[in-house]
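Shown below, as structure tokens, is a lone chain in the form predicted alone; questions about how it binds or moves come after it.
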Amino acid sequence: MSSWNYSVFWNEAMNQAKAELGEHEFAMWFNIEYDSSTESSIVVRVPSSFYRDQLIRQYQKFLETKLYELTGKALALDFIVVKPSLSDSKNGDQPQFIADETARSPKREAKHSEREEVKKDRGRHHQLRQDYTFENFVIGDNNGFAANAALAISKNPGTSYNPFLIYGGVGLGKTHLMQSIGNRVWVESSKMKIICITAEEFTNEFIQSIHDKTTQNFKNKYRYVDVLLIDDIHFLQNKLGSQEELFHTFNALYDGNKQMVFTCDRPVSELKNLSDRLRSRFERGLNVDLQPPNFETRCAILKKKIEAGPITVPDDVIEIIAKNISTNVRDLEAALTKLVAYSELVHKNITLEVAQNQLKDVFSQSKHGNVTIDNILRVVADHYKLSYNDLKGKKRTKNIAFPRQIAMFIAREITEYSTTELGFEFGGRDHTTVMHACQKIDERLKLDPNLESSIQLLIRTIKEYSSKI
């Protein structure tokens, strides 16, 4: 054992780093622990080689400077990779970085073993995907709040954050996070009853119960569960009977302190033809949104996937994928799957050149894939010196109506949204409103040659704005 112990200085350096870098950045990258020290160095443990490489590149000099200021010595920082095991993390049972399992304290070993025995006895839940767990969920600035709330819920379902609603675009991890709650509760609470379904399945089952005259059985099934997980509640728009039944189910579970978790592709306030009383129930608890992951998080997601597979992928390939695909997790995984399949089928190593050739079409499509209606609205509103809410609102004054029509026209031109979907996105309007707006702009383009250049300028600005997010 070394007589040199710099753990006190290390802890203070971590406290100062957290204060200077901010909670999100610190939680993202500082999943590291003091290990040992010599007269001239400090050794810290990291959960993967990816962490080590990122820390060396981005933070080693920063940390060594901190340590010099605190100790008066030029201490070198050395990293060792230690694959940790699953347990509660240090910070109040909140995960610092869910992509890698946090280190298991020896004092928790008995609890872990007991939990594993419960898992073996109970088997898997037939409605939950086994790979949708907290350990496989990569946390970053875009989803840190949602992930930590989900983990807290899984530890004490029904006691706080009830209901819990996660909303956001396609492929951002809403279903993964929701099912992670279900899987954790299933493993740790052997007597709890869990149901995980989509809103469409709930609706179809409700309709079938009416047909079979078994509505009482349906009510008993859903009103006496401990955890109810319902995916894609936007499907309930215009389904008045299903809304009514879910309203009464909600009340029964809420009054019984049973946990409810929902996912949606947009804020509940933007859902059309949803009863006010059900809307108010959804908004009663905690509503959180998921945003597209930033570059660092995209790299971490890819690295996590690669670590679980048989193929080695160089860092420069990971970075080019993360740089060119910024839409969502699903698109990142699809690109990686294509590369791995190519490597296995033609027996070639994955190189930067191979990635550029095999993914050139994916990269080209993705450049426009991250253009969202929100981005279009914000750029157009800024151009015409209006607010985002003006364009989504109900006002029809000329200074607002024309820019709104421009935004609808551009959205129709550069996205794959249907007129019906665009109507929803533009404040819940009818599809005919979008068609009328596009027709109006088409007519004006024939009469005003300057309008074409203005629209093209807006389109370029929108794409540039979207590529930076």
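All residue numbers refer to positions in the sequence shown, first residue = 1. None of these values were measured; they are calculated from a predicted model.
Missing here is the form predicted together with a small molecule; even so, the following discussion is about that form.
Proximity to the small molecule in the predicted bound form, taken as heavy atoms within 4.5 Å, picks out 164 to 172 from the listed stretches 271 to 279, 208 to 216, 164 to 172, 389 to 397.
The shortest heavy atom separation between L75 and the small molecule in the predicted bound form exceeds 4.5 Å. In the predicted bound form, the small molecule sits within 4.5 Å of a heavy atom belonging to Y132. Contact annotation: T203 falls outside 4.5 Å of the small molecule in the predicted bound form, judged by heavy atom distances. Using a 4.5 Å cutoff between non-hydrogen atoms, C196 does not count as a contact of the small molecule in the predicted bound form. Checked against the small molecule in the predicted bound form, the candidates F137, Y222, W186, F250 yield a single residue with a heavy atom inside 4.5 Å, and that residue is F137. The partner is absent here; in the predicted bound form, the one residue of I301, L236, V313, I321 having a heavy atom within 4.5 Å of the small molecule is I301. Looking at the small molecule in the predicted bound form, residues I373, R412 and K463 place no heavy atom within 4.5 Å of it.
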